[in-house]
Ligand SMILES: Cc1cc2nc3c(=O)[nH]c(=O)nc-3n(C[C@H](O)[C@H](O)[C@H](O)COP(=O)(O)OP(=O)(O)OC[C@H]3O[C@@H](n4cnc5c(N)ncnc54)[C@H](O)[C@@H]3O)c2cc1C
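Okay, so here's just one chain, in structure tokens, the form predicted on its own.
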Amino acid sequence: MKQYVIIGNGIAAAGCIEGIRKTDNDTPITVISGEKYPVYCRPLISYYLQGKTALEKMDYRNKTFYADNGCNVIYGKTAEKIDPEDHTVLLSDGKNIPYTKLLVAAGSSPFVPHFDGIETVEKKFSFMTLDDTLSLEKAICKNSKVLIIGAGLIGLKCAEGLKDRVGKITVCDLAKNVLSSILDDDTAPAVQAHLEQNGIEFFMSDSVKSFDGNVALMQSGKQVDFDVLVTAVGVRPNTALISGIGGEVNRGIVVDTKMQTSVPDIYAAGDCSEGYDLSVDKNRVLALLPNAYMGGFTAGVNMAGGNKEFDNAIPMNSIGFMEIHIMTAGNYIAEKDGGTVFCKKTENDIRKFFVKEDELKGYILVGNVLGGGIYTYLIREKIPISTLDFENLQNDPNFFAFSEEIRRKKFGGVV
């Protein structure tokens, strides 16, 4: 019997379900969920810690989502192996699930480097899933001293979630800048200073050399006392299911613009996949919620016999930490690589733009993020900068910086 199978139960899986049902309303869908929860919005886990949302408000879709879409969800089981010849998926309980078309949306896993003495630390956690959050919540109290290894998105969101629930938070990272994957030397110091003003202590260009119980010896020779440890060094895409059957894998599972892998009848989407990035004109991992949904939706449409491509993905981030807002997108091309960099600084805001070959390639906004949608549009559509009042657009983003022709064509006659 024809059947769609989805490995994973995150945002990409939800997109895939809705993509399938756009074309095929009848064929059964089986979802294999390693977690025991319906699809939830993972970025909300820090807001749960803060008390800004409740567990029942974290659902990404309504309570009847799976029933309405004819899905059977297998909770608490993982996919151990795919047999592409027999078109089956072997589960952790030994059962085989047949598929006609398969989506691998297996996500990513925390990367925890080896630290001498890590086994002597009693309370240590990751911060990626709802279960991670619930376990961490049980371990903390008002007087807890928390050490977070990693000053990236995950580590700083964890710090934000814990801020008013513990006594002290220390964050360390080998990188010299906080949020080193999305900020640079002009923008990161302002964000770090804001977080320091909110009570977060940083050890940058420094990390843990070894542990002795609740004492961390830093590479700089300093010591940090703590009660609770959170490792947020980074993540690795879960690619083993595809690499194990000879499918093409780089850092992530390689897919084309239809989200098809190199293995017939198998697609991939979300954090485990490596797809086309418009901003650099090549494939790379884009572990971001909007891209996960669109990748899953595209896969679903094509699994059901439709024809859809996802060929305009770019890295994007819209995030806030303790009332400072950040929005970034695209590729940061330095002047040494042929780019032109525009940087606008005021007392409270930083706006940075990266231009090459008459196109906006990327931007960083810190503080005032007004206009992010317009700048993202410029990147996606490759609008020539020479056709715009770009100087004005950097300071006052509005549609009147576009030519009359573009306004008529793209914005419904706004002139």
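Nothing here was measured: the structure is a model prediction, and the numbers come from that model. From 1 onward, residues are counted along the sequence shown.
This protein has a second form, the form predicted in complex with the named molecule, left out of what is shown; the following refers to that one.
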Looking at 198-206, 282-290, 253-261, 298-306, which lies within 4.5 angstroms of the named molecule in the predicted complex, counting heavy atoms? 282-290
Within 4.5 Å of the named molecule in the predicted complex - does that hold for a heavy atom of every one of Ile11, Ile45 and Gly107? yes
Should Gly34 be classed as touching the named molecule in the predicted complex when contacts are defined as heavy atoms within 4.5 Å? yes
4.5 angstroms heavy atom contact with the named molecule in the predicted complex for Asp173: no
Indicate whether Lys77 is a 4.5 Å heavy atom neighbour of the named molecule in the predicted complex. yes
Please run the contact check for Phe127 against the named molecule in the predicted complex: heavy atoms, 4.5 angstroms, yes or no? yes
Looking at Leu229, Ile314, Ile140, Ile154, which has any heavy atom no more than 4.5 Å from the named molecule in the predicted complex? Ile154
Position in contact with the named molecule when the complex is considered in the predicted complex, options Val341, Ala193, Val215, Ile319, heavy atoms within 4.5 Å: Ile319
Those residues of 230-251 with a non-hydrogen atom no more than 4.5 Å from the named molecule in the predicted complex are Asn238, Leu241
